[in-house]
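Starting off, we have a lone chain in the form predicted on its own, written out as structure tokens.
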């Protein structure tokens, strides 16, 4: 195994694969910054160029591009509040408020380093899991997938903070939006209002881009100010001093990095759940374990670290079932599976035995590409941070164009642009009247998945699936996720009352 690992590394450092990896990283860097296009779409566009390539060359090019989009997607999330792709939405919640406070450098330092460490963690798990992949993935069926989607919805409690009732209302509205489209069992249109566009449901990309990015841009337009504001009379602070603080924050919260990376890898292994679910699960878990959960959503660096770490770890996780069984973990790995067939590789036993060196070369590419992208991003931090001090009226037209392109390129549909505009208006209303947007988005993402897996679970197992061990274990985690914040809040209240009595007695 060590021989294959070293052979894989040596093959990546051959001139042609190395150049192709650098080209892929450059493309992925640009695509990640552009909202909406996404890694999976770009993979599909680049796939025809791999027809005449050797396996290692093809994966150096495609993987180098794919894994980098997650890293650079976080940059626009932090600086402009515009998610580079749907899986970068959680980064907006704390990264953009930090930028508004003039701490964009610190947020970028934290998210980029945690992304690189998350990629290393995911690649390590991928390498170690090669001998034991099969039983892990086969243990999950529709009941376990359904339980995981319910676990994600449970985090609505954590993500709502003090606004629990509003959080549940928003989650309910999100579930209603998830119902739009054709009924997957009967094929009956639901809430489509005779519009053919709505038969496939509301697209997640225009929804995310509008709800978060569009809302922030409209707010910026109305405020007529820059994104970040310097103190009156002081020059804008675009120094990289904050970057060092962000890097130190990551090392101070190393446990959070590992925990979020583990969640990303674990959710990535499960086919069909997707990166958006992983990111909000890690974000919710970070908020629950934080000593200052009330700061989440207002610029907590822990939220930025959790979102960054999970983003890259999930990519390696989704490669595990793809390599082990030929079952793609998500849209990106589904396109990558096509590359396996193009270069003449068969997932499963062949990838784990005779072509093990190629498999290890893929693992090396995921790590090396991320480190190259993070190093390039660090070099560009100063000019990127300076952009946030540009006057809003000058920046808004460019950002609006970016948003419209992001929404349109998701399905090449003008209707998606209209959805984005509608979502932006809803996002502005949510910000103005203090209604949480995350439970709404989480419910939209998970609603259709939950419906599909519930139907499959009942069809295959009746109600006996409720007694399956993994389902019960996930159920225990759900109960803890609900009870823990309540217990913590009661204890904090009792402690406050006790301290008040002591002060009055003294």
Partner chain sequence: MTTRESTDASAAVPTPAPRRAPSGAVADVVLTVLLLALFGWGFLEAAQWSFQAALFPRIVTGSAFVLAALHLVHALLRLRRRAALTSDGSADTLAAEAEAEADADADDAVQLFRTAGPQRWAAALGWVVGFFVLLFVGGLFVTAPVFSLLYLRFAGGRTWVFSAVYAVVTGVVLYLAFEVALGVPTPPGLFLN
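Residue numbers count along the first chain shown, from 1. Since the structure is predicted, the reported quantities are computational estimates derived from the model, not experimental observations.
The discussion below concerns the form predicted in complex with its partner chain, not included here.
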Under a 4.5 angstroms heavy atom criterion, identify the one residue in 128, 379, 196, 165 near its partner chain in the model of the complex.
165
Listed residue that, although its partner chain is not shown, lies within 4.5 Å of it in the model of the complex (heavy atoms), from 371, 140, 414, 254:
414
For residue 189, is any heavy atom within 4.5 Å of its partner chain in the model of the complex, or not?
yes
Would you please decide whether residue 57 lies within 4.5 angstroms of its partner chain in the model of the complex, comparing each non-hydrogen atom pair?
no
Do residue 351 and its partner chain share at least one heavy atom pair within 4.5 Å in the model of the complex?
no
Taking its partner chain as it sits in the model of the complex, is residue 435 in contact with it (heavy atom to heavy atom, 4.5 Å or less)?
yes
Just one stretch in 316 to 324, 115 to 123, 176 to 184, 284 to 292 has heavy atoms within 4.5 Å of its partner chain in the model of the complex, so which one is it?
176 to 184
What I'd like checked is whether 223, 396 and 401 together line its partner chain in the model of the complex, meaning each has a non-hydrogen atom within 4.5 Å of it.
yes
In the model of the complex, residues of 437 to 458 near its partner chain [heavy atom within 4.5 Å]:
447, 450, 451, 454, 455
